[in-house]
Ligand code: C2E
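Below sits a lone chain in structure tokens, taken as the form predicted on its own.
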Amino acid sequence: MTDKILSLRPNRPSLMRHLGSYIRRARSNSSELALLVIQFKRGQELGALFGYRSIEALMEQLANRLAFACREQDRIMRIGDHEYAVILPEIMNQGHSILAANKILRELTTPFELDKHVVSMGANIGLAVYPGHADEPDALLQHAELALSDAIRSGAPYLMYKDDTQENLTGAWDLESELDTALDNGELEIFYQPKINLRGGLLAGAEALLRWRSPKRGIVPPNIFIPVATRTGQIKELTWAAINMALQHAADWPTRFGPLTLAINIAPSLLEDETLVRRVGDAMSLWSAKPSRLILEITEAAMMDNTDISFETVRELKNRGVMVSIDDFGTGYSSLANFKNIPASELKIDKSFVMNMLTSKADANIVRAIIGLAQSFELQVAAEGVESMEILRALAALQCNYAQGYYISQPIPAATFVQFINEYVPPVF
């Protein structure tokens, strides 16, 4: 793999670290840099036709095409199932980044070989430039992704982030307004990613993931609408709706493997909402859900942001019998002094460590350490990002309790998950 390619596995935390480093360098030498976010078309369609392993091989081919089109100093990193980010340091101006986008698009016009079939893969690209559009990594990535969303919606091959204040405010207001009516119009739906028990491979439950299928914009990525919903306060109503929809679905799940757990993500801002515990209890009563079947996932960073408030909220949830999982564990830098007091039920190892644990000694050591930490504090431990049987076996050997990832199943619609339950065959490992 060329030095230009930093990761062939989705790894947003690593992108943020590298992007921060390049921005600091650009700030010190008064240069500009561009961030390109590239989403490849037909990813889901081809995945359904050829399967996960073939798509991963295709994504590697795409990375090599990007590397061929880029300069030696440019850096490429995968950040999603069908997305790559490209950092272009030391550009002359915005036009320089547009030339790079055009060069990438030309390189992608040549068809690819996939399982002895010839396939074409187009792309949409969103661009943002430091310091013209943003001077911090989070904002620069957000602006590039907003440009990508506009490109997808408009059908443009690429779009530069618009730094005209009125245009951006109008676009934000439009998105907020559409999101406000999405619930009433039935545009939000829940996908489920199965979770298995590593003692025997039986199905243990699923994680609920919210999706927005907009009639105007198509499928809006969560990384676009969730920040908007968080900024406007709409995240609360989205969360209440997601909890109720998911509990309603779970009430009708087949009992072939006994009661399955349901994991739902809780936004950091909701930890300070005094109605959270009551509304979770009301939803469970409405759908006759046993508290022990519900797992609320809260990121490690959110838990550590205000430990007094978050710990008290989690204690109240646990007192009601609800399970609490610390999501993305390993990325939030919690100290042992704080960790020993976390009233959690489960640690969930961030996928950036799990996906690379067989090729990176450092990541393998982190996974091993988190599992050992969980066992020491009598917590369950789950791993996300399982993409091969080899990783599944390695986790089982380390006595990890649960696993989820594309090797088991990608997130699937509610009706498809019911079919998955009925047809699931435990793997032999």
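Start at 1 with the first residue shown and count on from there. No experiment lies behind these values; they were computed from the predicted model shown.
What comes next is about the form predicted in complex with this ligand, which is not displayed.
Colleague: Since the partner isn't included here, can you check whether this ligand sits close to all of 201, 260 and 401 in the predicted bound form (heavy atom within 4.5 Å for each)?
Modeller: Judged in the predicted bound form, none of 201, 260 and 401 sits within 4.5 Å of this ligand.
Colleague: Please determine, with the chain shown alone, which of 216-224, 249-257, 280-288, 71-79 has non-hydrogen atoms within 4.5 Å of this ligand in the predicted bound form.
Modeller: Heavy atoms within 4.5 Å of this ligand in the predicted bound form occur in 216-224.
Colleague: Within a 4.5 Å heavy atom cut-off, is residue 242 in contact with this ligand in the predicted bound form?
Modeller: Contact check for residue 242: yes, within 4.5 Å of this ligand in the predicted bound form.
Colleague: Look up in the predicted bound form whether residue 37 has a non-hydrogen atom within 4.5 angstroms of this ligand, and give yes or no.
Modeller: No, residue 37 sits far enough from this ligand in the predicted bound form that none of its heavy atoms falls within 4.5 Å.
Colleague: Can you tell me if residue 83 lies within 4.5 angstroms of this ligand in the predicted bound form, counting non-hydrogen atoms only?
Modeller: No, no contact at 4.5 Å.
Colleague: Considering non-hydrogen atoms and a 4.5 Å limit, does this ligand approach residue 144 in the predicted bound form?
Modeller: It does not: once this ligand is placed as it appears in the predicted bound form, residue 144 has no heavy atom within 4.5 Å of it.
Colleague: Just to be sure I understand the contacts: of 300, 297, 346, 178, which is the one whose heavy atoms reach within 4.5 angstroms of this ligand in the predicted bound form?
Modeller: Comparing distances to this ligand in the predicted bound form, the residue within 4.5 Å is 297.
Colleague: By the heavy atom within 4.5 Å rule, which residue out of 320, 236, 211, 153 makes contact with this ligand in the predicted bound form?
Modeller: By the 4.5 Å criterion, the partner-contacting residue is 211.
Colleague: Output the sequence-ordered list of residues from 254-280 with at least one heavy atom within 4.5 Å of this ligand in the predicted bound form.
Modeller: 265, 266, 267, in sequence order.
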